[in-house]
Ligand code: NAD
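Single chain ahead, written as structure tokens, the form predicted alone.
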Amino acid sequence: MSEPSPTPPHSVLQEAEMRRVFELQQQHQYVVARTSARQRIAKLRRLHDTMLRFRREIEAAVWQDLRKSPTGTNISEVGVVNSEIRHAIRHLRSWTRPKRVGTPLVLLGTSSKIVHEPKGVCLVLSPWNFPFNLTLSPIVSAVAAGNCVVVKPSEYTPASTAVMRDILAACFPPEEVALFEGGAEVAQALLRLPFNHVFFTGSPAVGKIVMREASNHLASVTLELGGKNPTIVDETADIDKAADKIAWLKGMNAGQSCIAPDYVLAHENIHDRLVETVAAKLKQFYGDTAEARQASPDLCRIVHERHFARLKTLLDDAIQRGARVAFGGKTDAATRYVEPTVLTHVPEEAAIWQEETFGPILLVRPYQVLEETIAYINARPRPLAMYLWSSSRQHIQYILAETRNGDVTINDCGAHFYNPNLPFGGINNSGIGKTHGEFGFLEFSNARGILRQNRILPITSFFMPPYRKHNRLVKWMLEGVVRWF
């Protein structure tokens, strides 16, 4: 008798299971596609209510993964997802309704409409910085559009992933929504499957890999990336309000946010006052002393040792090159703590200018004339977000006209992310595609054009060969109709 074959390694077993579930969803996709708006709304309500039922587990998981406070978790994770669900529930019937469109004269006798149909089987690759928010929000859009979904959350937030697995299992059968855990090798295995659409949130470097792999199957992609988000504070700005919001958004999630301000370009007349006010706000938010700030329950920790080491290297390099620490600067490797830090006089050759910081380190740089800010921003890859602080309509219009980026918030920070009526997403290096609300629904949909011929003798019949008999009619179409309009 031959020896029994060895048990396949875990990775082989997991890849086989991924393929099984993928094929199950492929077979089931048209069943899901045929669901009505009412049926999809019922699914979204179930997800909404399950999120609320699991609130305590979500709070505990995010604290374990990122040491984020329960209130912070409810605001930036549960609240955002459930707001997205409620918006979809209110508007889904109108989103799914066929849109009638006009008929040109040459197609007289026809009627046309646009139907938004699901793309099919979709893959969501989500990040660690807002594990629930950035995993479940795209699932909301995909489900609203009538798709099947496979999701692979980040391996760096295992506690959050475990809770999401339970939430999704309570809401959807695996032939509709399935979650797979693991590292980069799992994502790579999933990308080898012929998904109809891939939604990725993460860095531009990994986004290029995802896009390249998706191209093997000509799958459409949504890439939510990031970049060095600039903030401009001119001499007409309300300094107290600007400092308040800049300090808040930079401190939230320990700066581990794709919409966090990365650097500030402040007019030289208000530069020092702005730096002092940001420092005062950080003390007000998190504590008067370095010890109090480190003990604050409202300051997250860096997600893992490698990212902490990266941030410390960037900080040390900037200081060694002559940057001044206007506030903060304390780090603790044992707890992966980086104090909210404000740096000024950062030399251009410092590595921190070359890549997205993605941590609680804010760079502040003075400028003399507004044209400097335009040149400085446009010399870098296009960012995801930009923040303008000004009381001058002329300044605001000038900056908007001369720059390009994903989204802009004027006299506030990050507020655009929370409006589901606005598209959210980057451009070029900061992303491809738009999400939130109807834009997320459209991202997971195919706009299918449908034309119906309604007359027995359609006008297009006049254009059958031989073509020489149509010379006069064609001439009239090319010249007469144009003059008529």
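Just so it is clear, the model here is predicted, and its values are computed rather than measured. Note that residue numbering begins at 1 and tracks the sequence as displayed.
From this point on, the text means the form predicted in complex with ligand NAD, which you will not see here.
Quiz item: Given that ligand NAD is left out here, which of 183, 173, 79, 194 has a heavy atom within 4.5 Å of it in the model of the complex?
Solution: Contact with ligand NAD in the model of the complex is made by 183 alone.
Quiz item: Of 261, 153, 251, 406, which one comes within 4.5 Å of ligand NAD in the model of the complex, counting heavy atoms only?
Solution: Checking each option against ligand NAD in the model of the complex, the one that comes within 4.5 Å is 153.
Quiz item: Do residue 389 and ligand NAD share at least one heavy atom pair within 4.5 Å in the model of the complex?
Solution: Outside the cut-off, so no.
Self-check item: residue 277, heavy atom within 4.5 angstroms of ligand NAD in the model of the complex
Solution: Output for residue 277 is no: heavy atoms all beyond 4.5 Å of ligand NAD.
Quiz item: Using heavy atoms and a 4.5 Å limit, would one call residue 358 a contact residue for ligand NAD in the model of the complex?
Solution: Residue 358 belongs to the contact set for ligand NAD.
Quiz item: So in the model of the complex, does any heavy atom of residue 188 sit within 4.5 Å of ligand NAD?
Solution: It does: once ligand NAD is placed as it appears in the model of the complex, residue 188 has a heavy atom within 4.5 Å of it.
Exercise. Tell me whether 128, 203 and 226, taken together, all sit within 4.5 Å of ligand NAD in the model of the complex, counting heavy atoms only.
Key: So, yes: the whole triplet contacts ligand NAD.
Quiz prompt | Residue stretch of 103 to 111, 85 to 93, 266 to 274, 194 to 202 approaching ligand NAD in the model of the complex, non-hydrogen atom distance within 4.5 Å | solution = Of the options given, it is 194 to 202.
Practice problem: For the stretch 293 to 316, return the residues whose heavy atoms include at least one within 4.5 Å of ligand NAD in the model of the complex, in the order they occur. | Solution: Result: 307 alone.
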